[in-house]
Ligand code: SIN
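A single chain, nothing else alongside it, follows as structure tokens in the form predicted on its own.
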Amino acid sequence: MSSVVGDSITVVSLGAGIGAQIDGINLREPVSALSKAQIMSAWMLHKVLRFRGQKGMSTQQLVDFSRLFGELDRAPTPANKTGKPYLADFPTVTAISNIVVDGQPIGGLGAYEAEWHTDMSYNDHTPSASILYAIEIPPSGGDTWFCDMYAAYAQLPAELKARIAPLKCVHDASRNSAGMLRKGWKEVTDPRETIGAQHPLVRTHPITKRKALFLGRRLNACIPGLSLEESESLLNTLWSHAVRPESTWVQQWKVGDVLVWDNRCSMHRRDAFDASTRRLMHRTQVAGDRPY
């Protein structure tokens, strides 16, 4: 663990190459140009940033902070029976929660485990960043894990790098990160029938120009041009390599935590938690580009 002190904030490294805490800043107030520059520099280096002690942050303040990272996407359509947004007054904010009020969930993903994934990778243009703010957390469980996809690529054997360099992967759009079938989508059991965007297995970060392994999510993924057996074998190899414990960092949430992660060079997953307890997060995402 190391610390770097700037003119206004402190950056404390939390993991082995991924994850840092930003201290000395109040996100309920406007962020200065100097602090923004320091935050962006730390983000490019650490991939995931944590801001603690932001309890009481309003939804508008979350939106204002999120816009430091770029233009915000509209919140994804909820996978609920009504299809109505969870926060109608804030079209760029969604709720992640297991809380039910009057028989209706107030957020998505429930209390389930969310498997390793990159947010919205099944779209042609994928978000550059995701921001998650903790409003209520359970006594235990619900931790969020991150893995470093720069390191995943850099540590591949040379022959495997050469093999995957020209290959793309189809990112299945039918299910969310908890494995639930999205509203209006057809059940897919054969990965060769997957519907979703095709992206290179190795992508270039548009800012750092570094290469990262880009896997999206495992379920129903498929590599065009390979037989199903070859595709499954290669993807299994890449996935087991990418999520090795030495390349991961875990966020154990506290109320008031704000996390920002770079979807272009990291993946994440969430532990399940006791469904009888309450968890409420507000989430934004920053528009990105087509991976290349």
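Keep in mind that what you see is a predicted model, and the values were worked out from it rather than measured. We number the residues from 1 along the sequence you see.
The protein also exists as the form predicted together with this ligand; that form is not presented, and the subsequent description refers to it.
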Report task. Consider the chain as shown here, without its partner, and state which of L109, L213, V170, A129 has a heavy atom within 4.5 Å of this ligand in the model of the complex. Result -> L109
Requested in this report: Could you check which residue among T144, S121, T94, N220 gets a heavy atom within 4.5 Å of this ligand in the model of the complex?
Outcome: T144
Query raised in the report: Closest heavy atom of W253 to this ligand in the model of the complex, within 4.5 Å or not?
Result: yes
**Report entry** Contact test in the model of the complex: W261 vs this ligand, heavy atoms, 4.5 Å
**Finding:** yes
Query raised in the report: Does any heavy atom of R203 come within 4.5 Å of a heavy atom of this ligand in the model of the complex?
Result: no
Requested in this report: Mark H282 yes when one of its heavy atoms lies within 4.5 Å of a heavy atom of this ligand in the model of the complex, and no otherwise.
Outcome: no
Requested in this report: Could you tell me which stretch in 205 to 213, 67 to 75, 157 to 165, 109 to 117 has residues with non-hydrogen atoms within 4.5 Å of this ligand in the model of the complex?
Outcome: 109 to 117
Requested in this report: Can you tell me which bits of 231 to 246 touch this ligand in the model of the complex, meaning any heavy atom within 4.5 Å?
Outcome: none
